[in-house]
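Below you will find one chain, with nothing else, as structure tokens; this is the form predicted alone, and questions on how it binds or moves follow later.
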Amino acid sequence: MLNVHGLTVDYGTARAVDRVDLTVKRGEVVCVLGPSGSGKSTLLRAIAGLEQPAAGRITWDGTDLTALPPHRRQFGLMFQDHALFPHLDVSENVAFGLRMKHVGATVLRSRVAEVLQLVNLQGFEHRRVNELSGGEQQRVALARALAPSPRLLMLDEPLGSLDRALRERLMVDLHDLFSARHITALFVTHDHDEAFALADRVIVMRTGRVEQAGEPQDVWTRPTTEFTARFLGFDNIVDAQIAVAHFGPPVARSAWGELPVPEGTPAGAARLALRPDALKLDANGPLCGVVESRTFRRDHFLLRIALSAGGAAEVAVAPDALPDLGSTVRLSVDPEGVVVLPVLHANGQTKS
């Protein structure tokens, strides 16, 4: 098991990773998720031994690896740009790590054939890598990382350079591979769809620190901070005052009007985050507004609604239910799509 405790990485006076703790259990896939500049790639490189930490410890099954050079950590590392050797064919690229370990020729050939079959590239052994598509190059890089049988596979934005259709197909392939082979993996990405598709556990980073950690469904349905909520696409956020009645569910009074909130929500000031799919077009809904804009998003349209009570909200609707620009619509709210966020003081601390 990988255990990282209090890991800190500095670049001069800038702190890229700030006292991060994380664990990766055997057979677990953990994703470090965050926007550019959040420190996620630096964290990965420090764990791999490519960056020197200013503080903290990195251990595997209790053995301290912090001062160990990268080639002795038995970790496999795959970068976004694949870093393949253009002068070598596919089999020689895949065999590179095995040759560094001085593996015998018979075992080397067998292992190369095994991992190429694993990534569905059997028959590609003697192809030049510059003759391959982006997806094929990605598979070669993955095979090269897997060939030495690393105890931890580390991937830095592995699908970031691919087009969406190919990325979505390879997400399925990677998920199946990780599950079938019980691969222990730690990867970083800025794409939450990618993280939720592949990871057993997600760690959201912000400016070098862990903002939230948990299983993908928990992080998606219950973001604990406004930063996480906005990063995951909860663009509808409004201040509210929660009122709890003796009978009936709690209600939030906001600038948009009264909004339902989940059962058990305590009374008091709150910030409400609503997913776009929490708002529904409903002729009998309590909210009213005018359609200001419509943006096509492949399988739905995203509407911006100027609410009569004040403010604006974004609503996802199916193409066959699309209202006209400038039309007046009414909306209802699904309380299951409403997340109650903590209210912060001006100094950034959570109000009790």
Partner chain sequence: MLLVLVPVGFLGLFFVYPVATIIDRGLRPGGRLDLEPLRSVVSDPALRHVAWFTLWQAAASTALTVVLALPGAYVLSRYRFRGRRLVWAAVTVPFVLPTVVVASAFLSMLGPKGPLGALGLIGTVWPILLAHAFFNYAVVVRTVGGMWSHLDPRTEEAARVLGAGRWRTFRAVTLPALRPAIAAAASIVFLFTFTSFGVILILGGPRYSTLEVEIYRQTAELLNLPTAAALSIVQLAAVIAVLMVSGRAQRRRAEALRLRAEAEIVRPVRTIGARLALAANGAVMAALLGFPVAVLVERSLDDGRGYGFVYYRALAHSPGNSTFFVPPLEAVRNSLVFALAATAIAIVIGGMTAFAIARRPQRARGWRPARLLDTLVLLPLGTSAVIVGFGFLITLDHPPIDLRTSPALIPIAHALVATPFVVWTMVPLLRSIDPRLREAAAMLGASPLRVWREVDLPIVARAVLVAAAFAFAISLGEFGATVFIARPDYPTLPIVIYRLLGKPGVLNFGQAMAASVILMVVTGAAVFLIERFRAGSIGEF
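Since the structure is predicted, the reported quantities are computational estimates derived from the model, not experimental observations. Residue numbers count along the first chain shown, from 1.
There is also a form predicted together with its partner chain; it is not shown, and the following applies to it.
Exercise for the section: Verify the contact flag for residue 269: yes if a non-hydrogen atom of it lies within 4.5 Å of a non-hydrogen atom of its partner chain in the model of the complex, no if not. Expected result: Output for residue 269 is no: heavy atoms all beyond 4.5 Å of its partner chain.
Exercise for the section: Please run the contact check for residue 227 against its partner chain in the model of the complex: heavy atoms, 4.5 angstroms, yes or no? Expected result: Residue 227: no contact with its partner chain in the model of the complex.
Problem - Any non-hydrogen atom of residue 75 within 4.5 angstroms of its partner chain in the model of the complex - result: Output for residue 75 is yes: heavy atoms within 4.5 Å of its partner chain.
Handout entry: Touches its partner chain in the model of the complex: residue 207 (any heavy atom, 4.5 Å)
Key = Heavy-atom contact with its partner chain at 4.5 Å: absent for residue 207.
Handout entry: Which of 181-189, 165-173, 258-266, 89-97 sits within 4.5 Å of its partner chain in the model of the complex, heavy atom basis
Key = So the stretch in question is 89-97.
Exercise for the section: Identify whether its partner chain in the model of the complex is within 4.5 Å of every residue in the set 51, 79 and 130, based on non-hydrogen atoms. Expected result: All of them do, each having a heavy atom within 4.5 Å of the partner.
Handout entry: Residue (of 84, 252, 121, 159) lying close to its partner chain in the model of the complex, criterion heavy atoms within 4.5 Å
Key = None of the other options qualify; the answer is 84.
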